[in-house]
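One chain is shown next in structure tokens, namely the form predicted alone.
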């Protein structure tokens, strides 16, 4: 089963990469841009047969490796082949 994990910084955590991108976009002429936040997207496959089991396994992966629980939050999307 396929899963997509989106990891972003928690609100209140400074995002220097997002600020740099925001500044660059403004310097290129997009003046109305604000609040740029940068994250990461991770796609993976797990050997689980049902969506609930797959989500539970991926949740453990996020807690142990894929996201830093102190500064980041994550969303898990399970993609079924229906």
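Numbering follows the first chain given and starts at 1. Note that this is a predicted model, so its numbers are computed, not measured.
FYI, the form predicted in complex with a further copy of the same chain isn't displayed, but the following is about it.
S.K.: Is a further copy of the same chain close enough to 11, 51 and 76 in the predicted complex that each of the three has a heavy atom within 4.5 Å of it?
M.R.: Not a single residue of the candidate spot has a heavy atom within 4.5 Å of a further copy of the same chain in the predicted complex.
S.K.: Is it the case that residue 60, even though its partner is missing from this view, gets within 4.5 Å of a further copy of the same chain in the predicted complex, heavy atoms only?
M.R.: Because a heavy atom of residue 60 falls inside 4.5 Å of a further copy of the same chain in the predicted complex, the answer is yes.
S.K.: Any of the heavy atoms of residue 70 lying within 4.5 Å of a further copy of the same chain in the predicted complex?
M.R.: The answer is no: residue 70 has no heavy atom within 4.5 Å of a further copy of the same chain.
S.K.: Select from 39-71 the residues with a non-hydrogen atom within 4.5 Å of a further copy of the same chain in the predicted complex and write them out in sequence order.
M.R.: In sequence order, 39, 40, 41, 42, 43, 44, 45, 46, 47, 57, 60, 61, 64, 65, 66 come within 4.5 Å of the partner.
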